[in-house]
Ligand SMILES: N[C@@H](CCC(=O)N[C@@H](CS)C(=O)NCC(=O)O)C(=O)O
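The chain below stands alone and is given in structure tokens; this is the form predicted on its own.
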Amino acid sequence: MREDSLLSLVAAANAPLTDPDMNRHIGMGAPQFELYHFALSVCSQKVRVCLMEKEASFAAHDINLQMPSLGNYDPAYVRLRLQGAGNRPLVGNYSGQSSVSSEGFDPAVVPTLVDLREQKVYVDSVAICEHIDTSVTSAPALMPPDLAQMVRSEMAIVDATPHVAVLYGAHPDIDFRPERLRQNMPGVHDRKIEKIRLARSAAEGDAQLEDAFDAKIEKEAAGRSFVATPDKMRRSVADIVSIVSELDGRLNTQANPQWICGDRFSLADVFWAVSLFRLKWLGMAFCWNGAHPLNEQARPAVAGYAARLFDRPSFRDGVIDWPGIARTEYVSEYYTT
């Protein structure tokens, strides 16, 4: 793509983003990256922590994914994001995950990263973080070559964790989620579909955008069915308990289990930090604390690992203290005001 064409798409996507508190320059010097993200998005959090860990300079555009705004459906943003799709098929599956490898390319989500120096758009949090790591060489590598296979394996496990399912849907026997979610999530997929249809109307005549919005509608309809199916929600929670149990086992087999791949902090730890904090935020710390009807067994190795991750300065900057993070009763100890 010509440089002026990409910059014009960036300018169009940025045009409605006028709130200075949600469009900020982070870091020193001219920004190399433009990041389109949302404070509470798990995949956005992975990217922000990576950027903070690398001390990168970037323009942060916080796209409001909440009702009634749903800025991720703005045709200008979707048009920009589509530049990073490559040959990926449009989203056509719903498993409660947020992985591009299993779900397909979702044209109307975050994060999206534009590398202004390279003039390229990146749309998958795994690829985004790996690109940031290799292109910002002024800070230690987060995927050392000798650990690359192990790091990617851990990232894939986090990417396949059904975070989306347990955010939007309730366990049919015990709804452990924060009160605000229990009140606000019912009917959310219908409200999203209504907004997508409005965006599709605004894009009428643009076949690429129409296809993108049609795929998004199909995904949200599948999500509505998924979270309303008790067995699927039970399985999602059970899968997460199992994933945490297996993490505990891997930590316990290490001679020095400070980080998941040994004594060096890596992209695997970035991903696990976000995942474990999301589970705690949702009321799922019982996965490692135990003494709960859905998990009796304590997993102290994970508990200690999570505490170290949450104390990491890059994690506090990119997640805990990032503006707009909705607090829940399960993470109140991290906030003093």
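Note that the structure is a prediction, hence the values are computed from the model and not measured. So that there is no doubt, residue numbering starts at 1 and follows the sequence shown.
Just so you know, the form predicted in complex with this ligand exists too; it's not on screen, but the next bit is about it.
J.: Choose from 234-242, 106-114, 139-147, 250-258 the stretch whose residues reach within 4.5 Å of this ligand in the predicted bound form, heavy atoms counted.
T.: Heavy-atom contact with the partner occurs in 106-114.
J.: I'd like to check something about residue 266: if you look in the predicted bound form, is any of its heavy atoms closer than or equal to 4.5 Å to a heavy atom of this ligand?
T.: Residue 266 lies outside the contact set for this ligand.
J.: Would you classify residue 161 as touching this ligand in the predicted bound form, given a 4.5 Å non-hydrogen atom cut-off?
T.: Result no; residue 161 lies far from this ligand in the predicted bound form.
J.: Answer yes if any heavy atom of residue 177 is within 4.5 Å of a heavy atom of this ligand in the predicted bound form; otherwise answer no.
T.: No, residue 177 stays farther than 4.5 Å from this ligand in the predicted bound form.
J.: Answer for residue 275 alone: is it within 4.5 Å of this ligand in the predicted bound form, judged on heavy atom distances?
T.: No, residue 275 sits far enough from this ligand in the predicted bound form that none of its heavy atoms falls within 4.5 Å.
J.: Of 82, 100, 170, 90, which residue is found within 4.5 angstroms of this ligand in the predicted bound form when only non-hydrogen atoms are counted?
T.: The residue in contact is 100.
J.: Answer with one of 284, 60, 302, 42: the residue that has a non-hydrogen atom within 4.5 Å of this ligand in the predicted bound form.
T.: Result of the distance check: 42.
J.: With the partner left out here, which residues of 180-197 have a non-hydrogen atom within 4.5 Å of this ligand in the predicted bound form?
T.: Going through 180-197 in order - heavy atoms within 4.5 Å of this ligand in the predicted bound form - there is one hit, 192.
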